[in-house]
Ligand code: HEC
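Given next, in structure tokens, is a single chain: the form predicted on its own.
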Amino acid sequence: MPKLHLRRVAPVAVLALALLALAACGGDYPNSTFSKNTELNDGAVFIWDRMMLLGTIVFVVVEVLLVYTIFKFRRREGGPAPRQIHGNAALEITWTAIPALILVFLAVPTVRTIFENQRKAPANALQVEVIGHQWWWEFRYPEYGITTANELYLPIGRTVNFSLRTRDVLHSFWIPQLGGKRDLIANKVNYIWFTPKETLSPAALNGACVEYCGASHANMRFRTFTVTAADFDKWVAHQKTVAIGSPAAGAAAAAADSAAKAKPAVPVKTASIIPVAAPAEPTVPEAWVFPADKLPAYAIPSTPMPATAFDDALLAAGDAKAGRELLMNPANLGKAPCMTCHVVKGETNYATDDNAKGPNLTHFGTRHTFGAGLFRNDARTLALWIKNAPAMKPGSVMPTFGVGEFNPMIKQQVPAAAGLDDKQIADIVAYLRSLK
């Protein structure tokens, strides 16, 4: 074969590198911090752009001088010996002063941005408490009395002040497209605030823990939904209600029905009786959530499922009432102790938000994901999760409930006397998905 010469190969290599560089500039990057959606993004982008500009100038100048020096002072056949130089004070001062000046142009905006980000949030900011758990996120809106998990709703145009704390180990809260990240530290409350700009469209954004926190650190995700102020108010109004199907919801509906039927006894003449329409049936508050058909592909989980069998026919026939009875009856705590770790507003709970080990499940049926953003909230995936959560998410503290399933955490199979069969799991799935 003929020998390849460097001059022939070089143009092809340069063209290949150019095409590769162009390819790197395309595509969708849903987790980019260079979005300028908040003031935190603006500060980071400004500092990055200035650093890249000054760094590029330095690189070009240094490389040009280096190449010039290589060619100008290269060894030549028969040339004289190079003259020895023992120092040049002016040159040394110059190449020390220029980098120092460049660092000043970087340090001043950096320090200014740090102080800007550390000042207190405006007084009218929306307050959100973020609590990190191994391995899921709890979000509380104390202004509205709302507690939810793994799905965060933020109104566009309103400043949001986050107070950050952890229940166990260190975590780190980060929504890349809204900028900034802040650690959750034991025995300390950290704060971070920003304002989703009014120019921002309603969107579903990724969030994650970015501080290694154990076996499922990479699986500790959440979704952030930036919505209009009107849609946020609708979401809040529904989240403040008790779960549909709970005793409290039934009592509220019955009270509304009774009030509608009750009429004061007013004496009237027979001839003047006017027909009155029957009272309207009590209506269930509409559950507003971010529309599923507007979720981008990157916000829809595609986590691989375990090879666990489950009869889809059982899911179709799931009985929500039977599932509720299974969870709420104290006699069933041995087999289904779910309410000792979870809270459902309007139900009889054995736990509170302050000591619950699992996410608040009020309005669980309206959520798009579960398992800290790992899985789609559909019936089959939820059934597999209840059947054997540790097999789907390493380190999960939720027990394995399926009869005959192997729990990888404790290295044991679930006996029939202590577990749930597929019919019981299907009923629980029906109940949980009814919590709208």
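Each residue number is its position in the shown sequence, starting from 1. Keep in mind the model is a prediction, meaning the values are calculated, not measured.
From this point on, the text means the form predicted in complex with this ligand, which you will not see here.
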Partner-facing stretch of 163-171, 81-89, 362-370, 235-243, counted where any non-hydrogen atom is within 4.5 angstroms of this ligand in the predicted bound form | 362-370
Indicate whether residue 348 is a 4.5 Å heavy atom neighbour of this ligand in the predicted bound form.
-> no
Looking in the predicted bound form, any heavy atom of residue 399 within 4.5 Å of this ligand?
-> yes
For residue 392, is any heavy atom within 4.5 Å of this ligand in the predicted bound form, or not?
-> no
Any non-hydrogen atom of residue 420 within 4.5 angstroms of this ligand in the predicted bound form | yes
Here the chain is shown alone; which of 318, 176, 196, 358 has a heavy atom within 4.5 Å of this ligand in the predicted bound form?
-> 358
Just one of 217, 324, 342, 182 has a heavy atom within 4.5 Å of this ligand in the predicted bound form. Which one?
-> 342
Check 141, 203 and 289: does every one of them have a heavy atom within 4.5 Å of this ligand in the predicted bound form?
-> no
Restricting to 415-436, the residues within 4.5 Å of this ligand in the predicted bound form through any heavy atom are 420, 428, 432
